[in-house]
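The form predicted alone is given below as one chain in structure tokens.
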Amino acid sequence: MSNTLQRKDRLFTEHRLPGDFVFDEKVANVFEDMLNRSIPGYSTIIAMIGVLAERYYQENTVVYDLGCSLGGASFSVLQHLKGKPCTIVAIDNSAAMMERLELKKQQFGDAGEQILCQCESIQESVIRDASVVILNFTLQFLAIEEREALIDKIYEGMAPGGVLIVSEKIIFADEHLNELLIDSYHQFKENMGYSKLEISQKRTALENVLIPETLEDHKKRILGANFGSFEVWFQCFNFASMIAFK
């Protein structure tokens, strides 16, 4: 068994090539630290996903956490639905991430078994009887041409009154605003202990791997899938979390 202790993220202190980023063992080992120091408001988003799930979860339905990584959103939902016989399906195609999620479930005893781990592609996953679906910084890693089909599938597999929560890195059509918020975000990362070299190297490694879109792009796609409403409920710099209802 590999060491599952979360370490400090030092992955980008050395030269990286464009697109040189995969969710492998090295990333899994530091991912929790990476998320908390790389995404402004991440802990707030995770906590509020649990709150939203508690409000909109429907009895005898399923909660889906698509692209769950280490299961932060899944565990937040589990804690907020404490005592309810819910099923949370956590899906990710990274075996390294899923291995750690399975181990973390043990900390929750029998309740942890309410989280069902599926190591597979979310494009191929079956979504059915869902009242809460979470895409927490997941869609941005899919090819843009694959995103519409996933949102359509989620809508079709969702119960009336269900909620979709989508968190994403975003870009802005206004060039000056986009530059300002990116610069502000990089300053945030420096304040969180990342060096300019690490920030630059990570940006290089994620090139052509993480493809952000505008809020308008997300809104158009989600409403185009027949969701009845859409709104941004959280935003800090070039990161946002959105909510839509069926």
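A residue's number is simply how far along the shown sequence it sits, counting from 1. A quick note: this is a predicted structure, and the numbers were derived from the prediction, not measured.
The same protein has a further form, the form predicted together with a small molecule, not shown here; the description that follows concerns it.
Residue-level contacts in the model of the complex: of Cys117, Leu78, Ile122, Ile127, one residue has a heavy atom within 4.5 Å of the small molecule, and it is Ile122. With the partner omitted from this view, the residue of Leu101, Ala73, Ala90, Ile154 that lies near the small molecule in the model of the complex is Ala73 [heavy atom within 4.5 Å]. The chain is drawn here without the small molecule; in the model of the complex, the stretch among 38-46, 55-63, 187-195, 213-221 whose residues come within 4.5 Å of it by any heavy atom is 38-46. Mapping the unseen interface onto this chain, Ile171 falls outside it, with no heavy atom inside 4.5 Å of the small molecule in the model of the complex. In the model of the complex, the small molecule sits within 4.5 Å of a heavy atom belonging to Gly67. Shown alone here, Leu164 lies farther than 4.5 Å from the small molecule in the model of the complex, counting heavy atoms only. Though the partner is left out of this view, Phe108 does not reach within 4.5 Å of the small molecule in the model of the complex, counting heavy atoms only.
For the three marked residues, Ser94, Met97 and Gln140, a heavy atom of each sits within 4.5 Å of the small molecule in the model of the complex.
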